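Single chain ahead, written as structure tokens, the form predicted on its own.
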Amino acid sequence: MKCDYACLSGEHEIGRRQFLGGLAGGVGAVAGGLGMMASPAAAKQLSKDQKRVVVIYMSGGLSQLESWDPKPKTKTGGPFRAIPTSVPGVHISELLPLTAQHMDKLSIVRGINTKNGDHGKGSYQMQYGRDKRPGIQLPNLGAVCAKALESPTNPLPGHIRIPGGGRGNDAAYLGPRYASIGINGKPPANSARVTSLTEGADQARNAFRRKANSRFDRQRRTAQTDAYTYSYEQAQELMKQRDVFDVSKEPAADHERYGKHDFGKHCLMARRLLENGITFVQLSHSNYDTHNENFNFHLEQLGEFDRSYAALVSDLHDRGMLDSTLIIVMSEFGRTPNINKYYGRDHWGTAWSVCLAGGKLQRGAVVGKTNAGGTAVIEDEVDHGHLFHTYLSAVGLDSSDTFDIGGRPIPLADPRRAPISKILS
């Protein structure tokens, strides 16, 4: 559904650059090639041990009152009911009937207060785990996970955005190797060998390139030459394994279950990427900035989300992947309890919710509570810093740990915050 009545902030714009044209990144010299790490035995072990994260970003600000924290029959509650879930005593909005059946696999945080109602600042808070400060560049959650959870046996990139194009600028001091790569629901652009170039000629060309790189590195190796070398090698592996990104390879029945709209296709692609060793995938569902017609929009848009999300959770559970995969449904903030004159809800960072699934979380848990009207948190208040710690802990990381950047310890998460212990198993 196209939402043309949002606040039209720049945060809702997505670049459409060509995929390989943005591949000027990566760290580490790999002149011998990455293919030697993709053996069947290594792939099998990777599938068994790999920790994974999926973020579904509900761009614009999903209403908590029409999703995870409904307040029916109140002045602020709106027209929709709360329905029971597979966990006795836990209710969510009637707009999520399929998701409700999987509540025994989910966890909800209802006590979020980020004290912010700005799209750009809120998006930064939720994806970086800290407040944005001038002159300071930090890696986002995807880059942190791609670095901290990477496997040296996996030649594919660890940080994927769907939809999107080119390299993101979101890895900061971790380096471009861990920056996001945007794709649009199909194999990356320019990833097939041109028909005029034979396989033998291509192999000879790359062998010569590696030999030249190796000779150059012996005398003039720098971080920049390492980055370019890794970029070429990663591109080679993407070309060899481009079918990993081809969601059309999935059975027709799966396309039907997930939904034939873009979001359904993107969720199905996320499952495919996770099954092939991708560490972090971020999806986007837009645009929840419902200053007008909040209820009509959520009725239609959450129907689309509900089907695809429930299918993804169910499939990861059935495949035995949910214990090693964290699924996060987040926004930059929630929507106001107050309903404005346009039947809309405005920006609200004071009392709202996110939904989590999998990993080292307590299944069926609900942490945090808002008052009867949803206007304030009255129990277990947390913010974006606590959430960031919790995400890392849920995939087995020590969120108080540090990265060694040039001999300097840099914290993975805000050291002033800690994980939400009540939701972790």
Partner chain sequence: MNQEKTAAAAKPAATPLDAKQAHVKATWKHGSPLIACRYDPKGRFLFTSGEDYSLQRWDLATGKPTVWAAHESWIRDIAFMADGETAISVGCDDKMIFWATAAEKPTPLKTIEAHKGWIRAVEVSPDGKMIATGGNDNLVKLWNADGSLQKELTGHDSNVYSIFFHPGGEFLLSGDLAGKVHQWELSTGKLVRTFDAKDLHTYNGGQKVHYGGVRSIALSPDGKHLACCGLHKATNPLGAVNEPLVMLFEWESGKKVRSQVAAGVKGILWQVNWLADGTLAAASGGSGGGFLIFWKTGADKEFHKLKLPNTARDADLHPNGLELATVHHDRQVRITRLTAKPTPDKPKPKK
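In this text, all values refer to a predicted model and were calculated from it rather than measured experimentally. Positions refer to the first chain, counted from 1.
A second form of this protein, the form predicted in complex with its partner chain, is not displayed here; the remarks below concern that form.
With the partner omitted here, the residue from Gly120, Pro72, Gly117, Gly303 that has a non-hydrogen atom within 4.5 angstroms of its partner chain in the predicted bound form is Pro72. Proximity to its partner chain in the predicted bound form, taken as a non-hydrogen atom within 4.5 angstroms, holds for one residue of Asn276, Asn292, Ser86, Ser151, which is Asn292.
Every residue in the set Pro79, Leu299 and Tyr342 has a non-hydrogen atom no more than 4.5 Å from its partner chain in the predicted bound form. Checking 318-326, 282-290, 243-251, 207-215 against its partner chain in the predicted bound form, the stretch whose residues place heavy atoms within 4.5 Å of it is 282-290.
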